[in-house]
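Here we start with a single chain on its own, the form predicted on its own, put down as structure tokens.
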């Protein structure tokens, strides 16, 4: 259980205390979440909404009573009304597809800013205990690899693949990954879909509450079908104002970061 709970609980959002007999309605991007505190128990109700309906600002509304609609109940004896909502990254790689095909020509380097949806840990009490972990957007599964025998189970996502992070809208439910790509091969590199190893990345927040991951650098070599990936150990883009919110789910050093090219840009379905 200890490993599944985020090690750090920075106050990214000022979540009100929910005393017994109260309920908290939360709106975090595409997630509508109700957390209710009953006598000796907590109750949850959640639903996802469309991206076009998502707000740029996180909202919390505290009220009296408990909701009529409840999906899950969690028994906990104690009077503490402390609630922590801790963001973290997905538990699988996310295959992102730019909305328009992008091609990186031979000998060129580019940096793309790709966004992926976050997960949320709901913790209550003092000391904090994990109630549940859930995605702010329920993702679809996809298999990514050249065949059904070679590849990995991932989540599917869409991104604008911007060159300038200032062009990305403010979305509290998505984290931005800067991906620098060096194409040293003699042929153009199609960026029709990219598998981002987000479980190997740490999560940060800037002073405006925008979420970031560590920067990734990928080099496509001329020889063979291997692509080397480097995860920057420091904070993304050298921004010293970022606060580290969550550790990587997977140790990248033990997993190895040189991967088959077709598992990063390959013919996955």
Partner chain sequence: MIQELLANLQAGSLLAILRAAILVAAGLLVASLAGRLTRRVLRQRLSAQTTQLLRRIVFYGVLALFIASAMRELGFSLAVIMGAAGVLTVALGFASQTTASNLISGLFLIGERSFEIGDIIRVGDTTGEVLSIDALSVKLRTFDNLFVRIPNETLIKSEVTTLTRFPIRRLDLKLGVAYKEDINQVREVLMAVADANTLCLDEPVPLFIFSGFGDSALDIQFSVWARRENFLALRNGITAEIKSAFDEAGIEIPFPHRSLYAGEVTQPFPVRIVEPAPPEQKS
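Keep in mind the model is a prediction, meaning the values are calculated, not measured. Numbering follows the first chain given and starts at 1.
Same protein, other form: the form predicted together with the partner chain, not shown, and the subject of what follows.
With a 4.5 Å cutoff on heavy atoms, residue 139 counts as touching the partner chain in the model of the complex. Interface membership of residue 132, defined by any non-hydrogen atom within 4.5 Å of the partner chain in the model of the complex, is ruled out. Proximity of residue 193 to the partner chain in the model of the complex falls within the 4.5 Å heavy atom cutoff.
A residue is said to contact a partner when one of its heavy atoms sits within 4.5 Å of a partner heavy atom; residue 148 meets this definition for the partner chain in the model of the complex. For the candidate spot formed by 92, 97 and 153, every residue has a non-hydrogen atom within 4.5 angstroms of the partner chain in the model of the complex.
Residue heavy atoms within 4.5 Å of the partner chain in the model of the complex occur in exactly one stretch of 175-183, 67-75, 140-148, 103-111, and that stretch is 140-148.
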